[in-house]
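Okay, so here's just one chain, in structure tokens, the form predicted on its own.
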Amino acid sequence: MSVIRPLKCDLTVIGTGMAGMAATLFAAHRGLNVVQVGRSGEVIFASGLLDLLGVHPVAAKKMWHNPWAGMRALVRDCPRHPYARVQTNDIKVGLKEFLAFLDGAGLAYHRHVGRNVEILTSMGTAKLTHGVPETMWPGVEALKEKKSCLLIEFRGLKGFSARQIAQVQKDRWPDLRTARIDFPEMEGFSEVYTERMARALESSRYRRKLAVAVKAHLSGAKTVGLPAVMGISNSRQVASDLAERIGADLFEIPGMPPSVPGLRLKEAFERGLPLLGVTLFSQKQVFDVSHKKGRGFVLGIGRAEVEQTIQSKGVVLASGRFIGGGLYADRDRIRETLFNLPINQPADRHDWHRKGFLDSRGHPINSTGLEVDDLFRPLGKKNRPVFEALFAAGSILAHQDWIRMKCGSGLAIATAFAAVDAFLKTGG
């Protein structure tokens, strides 16, 4: 039986969600020898929008058009929120670096640096966000200017109704029309799927047929909105070609997860990170971990059992919450699944949720997670770091409710940037 030599590295990032991808990117850019381990990751559930901060306080549903002003208010009101541990300039630097990488990977984003923008959702509502994929950006402008618009829905596609969007927006955006069509060569299908449609549109044959079908309903509309299906690896080219064939501006509307924009992010990172020297163990997990005397870790990783051992000077834990597998709720408590780290949580399970399911304050379970110090090291007894070279980033952190605050991507990028910086500062 052959013996597999341990793989040595400076930093191991555990997790392939937004925080894990960001931490891996920042570490690689700083010359570190990086290994990333994770399964599919929560990034495939991403809408593709990059939220910095949209709502605070949650209970008051106060909307912030300036996310940086919102952050200042949030840090003042909630000094234990992870944003309070990151300098604003570091957040801006990390976000710019993150977006530059995506642009180089063919996944450009548009934004107004000092403010959020409104974008139409598949529910018909308008959402505040900060960074918008270029395939969705024309929709931001169309919503703002209330351009004459045709909304397209596809027979068999669940979770997207152009008619519902138009109905919700009818008072605000009266010049909306809708059409329901078959996706090319999927006529009569009882159900169609966005990933299959997106990959089909990477072929000019499908784009030509779709353009013909849409043009039949155009009737002078200046812009066309449709579900996010305009390709995966080359969405820019797909969108440009379709718009030219149809003869109108074209924009995507973010839909229900798992989403094509999430797949675009995942594939962009999986293509780009190895080019930076990252060793990526995709679709694998950490089965066991031990702390080396002094500083460092030994991790056993694989699919169904340990296949590879990694010797790492440090670890960034970006394993997410319940969906990502970083947290697990049993009958009595919430626990961290890998290092068995202490979790900030209500003392009694009955206090995890409020009585009203739609309580405007959210539920206490939404803000459970790891307590960390100013270097994003998880804390244990006497509020001391459990390990000197273990850092945490992303949604596994306590004192944040990223879904209701609309700050998921910003939280991931900011804390990943801070965790990598902390590793370097502490001798990484």
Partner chain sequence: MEKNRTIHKTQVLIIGGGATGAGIARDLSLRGVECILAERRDFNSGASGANHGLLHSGARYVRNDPQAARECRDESRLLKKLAPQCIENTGGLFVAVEGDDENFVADFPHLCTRCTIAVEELDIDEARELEPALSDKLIAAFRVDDAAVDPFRLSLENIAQAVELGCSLQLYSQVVGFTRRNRRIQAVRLLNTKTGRETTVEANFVVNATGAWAAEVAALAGARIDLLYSKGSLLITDKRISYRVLNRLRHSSDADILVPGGTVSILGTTSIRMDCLDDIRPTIGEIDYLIDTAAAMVPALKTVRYIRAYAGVRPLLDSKSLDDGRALSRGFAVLDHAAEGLENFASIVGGKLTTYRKMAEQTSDLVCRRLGIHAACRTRTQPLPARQDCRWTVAGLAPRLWLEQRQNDDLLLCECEMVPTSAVDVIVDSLRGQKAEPDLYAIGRRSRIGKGTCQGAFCGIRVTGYMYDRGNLTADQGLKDLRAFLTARWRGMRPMLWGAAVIQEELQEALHCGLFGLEL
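Residue numbers count along the first chain shown, from 1. Source: prediction; values computed, not measured.
Another form, the form predicted together with its partner chain, is not on view; read the next lines as being about it.
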| query | finding |
| --- | --- |
| Thr125, Gln237, Ser204, Thr309 - the one with a heavy atom within 4.5 Å of its partner chain in the model of the complex | Thr125 |
| Single option in Gly294, Gly220, Gly356, Gly114 placed near its partner chain in the model of the complex, where near means a heavy atom within 4.5 Å | Gly356 |
| Proximity to its partner chain in the model of the complex (heavy atom, within 4.5 Å), stretch among 73-81, 211-219, 160-168, 283-291 | 160-168 |
| Its partner chain contact in the model of the complex: Arg349, any heavy atom under 4.5 Å | yes |
| Non-hydrogen atom contact Lys146 with its partner chain in the model of the complex at 4.5 angstroms | no |
| Partner proximity in the model of the complex: Ser190 to its partner chain, non-hydrogen atom cutoff 4.5 Å | yes |
| Exercise: Gly255 in contact with its partner chain in the model of the complex, heavy atom 4.5 Å | yes |
| Sequence-ordered residues of 387-404 touching its partner chain in the model of the complex, heavy atom within 4.5 Å | Trp402, Ile403, Arg404 |
